[in-house]
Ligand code: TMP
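One chain is shown next in structure tokens, namely the form predicted on its own.
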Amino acid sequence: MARRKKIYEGKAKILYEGPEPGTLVQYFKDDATAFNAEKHDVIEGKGVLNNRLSEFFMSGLNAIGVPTHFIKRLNMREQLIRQVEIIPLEVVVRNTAAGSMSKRLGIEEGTPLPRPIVEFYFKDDALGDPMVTEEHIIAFGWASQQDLDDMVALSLRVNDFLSGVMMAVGIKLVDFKIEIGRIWDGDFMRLVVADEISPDSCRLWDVKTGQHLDKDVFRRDLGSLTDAYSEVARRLGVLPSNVTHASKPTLIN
């Protein structure tokens, strides 16, 4: 098999050159990281689950007219995606106080917010992905005011979709993080949801018990990360309901 050209390797994924111009192959690794990669482990099956879950969410967004970079799943660990120009910002939408917001503002974790709050963080691991304001973003040319308006609108549409999908299976969407990229068609530019949407990038709590079903399980040593992700996949119909041990997930094609 011909060796593929690696374009980029991050903490959880590898991007390879795609089969057609303007495409990439996104490979999901089993690595789990937290606290800016200060905590690291390799968890068997995590990449397979995130690949399938991200496909589920991205396909759902595409179906309701929210544009994403996702084209199709290629196999258990890889997706074919559109090559985009990533805006160097992480967009976080919060529905409930948790994590850094609770620490930063002294709000008890689990407190419902009066409305979804959109935050921006500058993507730079060396700086710890600092929170930034719209003034910073415009002043430093990372995005225009029109881009920011469109990013907020896009993020809130994603929030509406994910909240509804999760609530239907008894899961509360506490918050999530997405990345947004630019796609150019000649002189015309449009923004699309990029990277991934998975329990790695969302806080997900069981509605009845408050059980964590996201990467906080790894961050806070709350149990098996694979079991938590498998439970999300099972409820969404990505895993068969009779799975009893999910260290090596069996996924539906």
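Keep in mind that what you see is a predicted model, and the values were worked out from it rather than measured. Numbering starts at 1 and runs along the sequence shown.
A second form of this protein, the form predicted together with the ligand, is not displayed here; the remarks below concern that form.
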Next item on the list: State yes only if every one of Tyr121, Arg203 and Arg219 has a non-hydrogen atom within 4.5 Å of the ligand in the predicted complex; otherwise state no.
Entry: yes
Margin query: By the heavy atom within 4.5 Å rule, which residue out of Ile180, Ala98, Ile137, Ile81 makes contact with the ligand in the predicted complex?
Written below: Ala98
Next item on the list: With the ligand left out of view, choose which of Val92, Leu154, Ile87, Ile171 has a non-hydrogen atom within 4.5 angstroms of it in the predicted complex.
Entry: Val92
Notebook entry, point to check: Which one, 99-107, 68-76, 162-170, 142-150, holds residues whose non-hydrogen atoms are within 4.5 Å of the ligand in the predicted complex?
Noted result: 99-107
Notebook entry, point to check: Of 164-192, which residues get within 4.5 Å of the ligand in the predicted complex if you count heavy atoms?
Noted result: Asp175, Phe176, Lys177
